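Read the single chain below, which is given as structure tokens and is the form predicted alone.
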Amino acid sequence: MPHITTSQGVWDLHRYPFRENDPLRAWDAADEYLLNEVATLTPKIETPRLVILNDSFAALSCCLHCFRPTMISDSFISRQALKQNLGGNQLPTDSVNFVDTLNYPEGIYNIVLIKIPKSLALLEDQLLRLRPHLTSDSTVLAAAMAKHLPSTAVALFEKIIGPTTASLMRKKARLLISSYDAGLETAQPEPACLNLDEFALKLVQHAGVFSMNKLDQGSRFFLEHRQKLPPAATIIDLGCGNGILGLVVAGMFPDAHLTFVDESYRAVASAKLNFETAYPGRDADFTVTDCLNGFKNDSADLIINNPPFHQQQTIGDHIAWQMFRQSRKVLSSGGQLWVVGNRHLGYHTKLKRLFGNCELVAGNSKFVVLRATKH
């Protein structure tokens, strides 16, 4: 059973979406390291005010729910994991306050727990947003599995927060302890800019959004073959990132209604900024959700998709599989799903199994663009 035993209690925790006999745990040794440190720290603080960043499957938030912490995350999936694991442990749904990483709550925090993300740009952005909520009485604890800890993480904490020390490794996890330095001068984060002259677009995007500083190769290959797309009245950019696919396709079909979907709050916010800049006054929808949860069946003519092949640090195809299954339901009769992906991932097999057909639109040594039609 997926139970974690901590100083705070014993908890039944699962990854989201829940899968029977999932071999992967909802926590790691870095979570355990942080929980052990909190157990020694909280008795010394009269009124602990706790904030938790990047709690992938809400393990920290659930174990520490008695402090009524604030959980800050960019992930809708993490938000669903919080609901799932609070409910699974019969904990009050309002015992943890969830906010996304663009909307930090007001006030000062005296304990901050951070699971260090893969993206250093995201970490820098988060630390800059966090700093105004700290004082000399605040303690910042950050952890990661040692193999995923960026070599420059300590320097980044010292640049933005203050003096930082790295702990000894415990169960292959590393802990950073940072204290607030009031004398440091920092600026608030700004979205990054990316000029794509070939598409007459200037994109902005928040830190941590996929392919931040350049157009990724898969999206570029897809757009090289965009003229083969069928006309469509309703189009969904599924897993939209900064919105590049939908933005270019919107220019091809000026009367189409676009919907941009991602599980990242920062991605959808970036796509919204970019669409409003490129097409002022034009309506579009922007939705943060898990794949296509909540979308009506038979409601889209065309879905374009550059699916991820990992969740957090774990590589797998279950997200792509969910995207394909839900796309078949959401497409109207005769509607098409267009997918770009690495050739070796074998998406054509899954699409043919689901749709009964799959055509190769284009391919090179690394990528394929595939088309599946709902009949």
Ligand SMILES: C[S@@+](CC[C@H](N)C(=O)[O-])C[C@H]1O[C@@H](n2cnc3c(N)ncnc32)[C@H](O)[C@@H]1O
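For every residue, the number given is its place in the sequence shown, counted from 1. Quick caveat, the model's predicted, so the values are computed rather than measured.
From this point on, the text means the form predicted in complex with the named molecule, which you will not see here.
Enquirer: Based on heavy atom distances of at most 4.5 Å to the named molecule in the predicted complex, which listed stretch, 128 to 136, 275 to 283, 112 to 120, 239 to 247, is the contact stretch?
Expert: Stretch with heavy atoms near the partner: 239 to 247.
Enquirer: Identify, from the list D301, D100, E124, D290, the residue with a heavy atom within 4.5 Å of the named molecule in the predicted complex.
Expert: Exactly one residue meets the criterion: D290.
Enquirer: Can you work out which of V330, A26, M323, L35 has a heavy atom no more than 4.5 Å from the named molecule in the predicted complex?
Expert: Exactly one listed residue reaches within 4.5 Å, namely M323.
Enquirer: For the spot marked by T6, S56 and V96, is every residue within 4.5 Å of the named molecule in the predicted complex through some heavy atom?
Expert: No residue of the spot touches the named molecule in the predicted complex.
Enquirer: Can any non-hydrogen atom of P307 be found within 4.5 angstroms of the named molecule in the predicted complex?
Expert: Yes, P307 is a contact residue.
Enquirer: Could you tell me if I319 has a non-hydrogen atom within 4.5 Å of the named molecule in the predicted complex?
Expert: Flag for I319 set to yes.
Enquirer: Residue-level contact is defined here as any heavy atom of the residue lying within 4.5 Å of the named molecule in the predicted complex; does I160 satisfy this criterion?
Expert: The answer is no: I160 has no heavy atom within 4.5 Å of the named molecule.
Enquirer: I'd like to check something about S219: if you look in the predicted complex, is any of its heavy atoms closer than or equal to 4.5 Å to a heavy atom of the named molecule?
Expert: S219: yes, in contact with the named molecule in the predicted complex.
Enquirer: For the stretch 73 to 89, return the residues whose heavy atoms include at least one within 4.5 Å of the named molecule in the predicted complex, in the order they occur.
Expert: Contacts from 73 to 89: just I77.
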